[in-house]
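This document opens with one chain alone, in structure tokens, the form predicted on its own.
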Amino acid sequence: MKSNLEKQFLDLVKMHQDKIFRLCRAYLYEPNQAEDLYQEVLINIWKSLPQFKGTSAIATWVYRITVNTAISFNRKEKKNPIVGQDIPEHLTSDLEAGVQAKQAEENQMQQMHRAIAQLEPQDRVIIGLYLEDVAYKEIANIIGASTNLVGVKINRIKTKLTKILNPTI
């Protein structure tokens, strides 16, 4: 049976793990180091959670811990593995699964970015706006085209990206 603190921690990680992992990857490009930093951030959140008073938004608090951990991360040499050091052992398997899922997602994102970089500049703009959930009509206004043309271009861009990502199809 999980304690209230453990449940709160797991819920917090589940809700903010994407943001934490992206910040770690932005700070350290090397995936292994980013994973170590991610684990250290989780440990710091776990240690600090009982002292969280709610005077700021939980997302702000998580962001501060992540940034502060990233800043201090390079100052010390890591001699021991972090995972399992301070977080109860039964929680680490859930966290490791989260890291693996984030790695897979990050790899897919990198592949997608490389594929988008191979497109023509205007197509990159269109797909970028599309991925940001900008409406077709607004994209049309931005690039000076008709809404129908935007729809056709987006379908063609998707086809190009599919061929780039899956050349055997």
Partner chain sequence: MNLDDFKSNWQNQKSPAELRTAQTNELVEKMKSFDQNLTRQNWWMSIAFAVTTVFLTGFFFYFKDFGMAFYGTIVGVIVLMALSIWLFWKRKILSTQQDFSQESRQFLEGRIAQLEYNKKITRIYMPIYAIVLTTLIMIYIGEVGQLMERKYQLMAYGITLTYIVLIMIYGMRKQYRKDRETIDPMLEELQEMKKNWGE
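Computed from a prediction, not measured in an experiment: that's the story for all the values here. Residue numbers count along the first chain shown, from 1.
Keep in mind that the form predicted together with the partner chain is missing from the display, and what follows is about it.
S.K.: Using the partner position in the model of the complex, report whether Ile58 sits within 4.5 Å of the partner chain, counting heavy atoms only.
M.R.: No, Ile58 is distant from the partner.
S.K.: How about Leu131 - does it come within 4.5 Å of the partner chain in the model of the complex, if we only consider non-hydrogen atoms?
M.R.: Yes, Leu131 is a contact residue.
S.K.: In the model of the complex, does Gln118 have a heavy atom within 4.5 Å of the partner chain?
M.R.: Looking in the model of the complex, residue contacts with the partner chain do not include Gln118, since no heavy atom lies within 4.5 Å.
S.K.: Does any heavy atom of Arg64 come within 4.5 Å of a heavy atom of the partner chain in the model of the complex?
M.R.: Contact check for Arg64: yes, within 4.5 Å of the partner chain in the model of the complex.
S.K.: Scan 35-66 and write down, in order along the chain, each residue with a heavy atom lying within 4.5 Å of the partner chain in the model of the complex.
M.R.: Residues within 4.5 Å: Glu35, Tyr38, Gln39, Leu42, Ile43, Asn44, Trp46, Lys47, Ser48, Trp61, Arg64, Ile65.
S.K.: Given a change of 3 Å or more, say if the Cα atoms of Asp18 and Gly128 sit closer or farther in the model of the complex than in this form.
M.R.: Closer: Asp18 and Gly128 approach by 3 Å or more in the model of the complex.
S.K.: In the model of the complex, do the Cα atoms of Gln111 and Lys14 sit closer or farther apart than here, given a shift of 3 Å or more?
M.R.: Compared with this form, Gln111 and Lys14 lie farther apart in the model of the complex.
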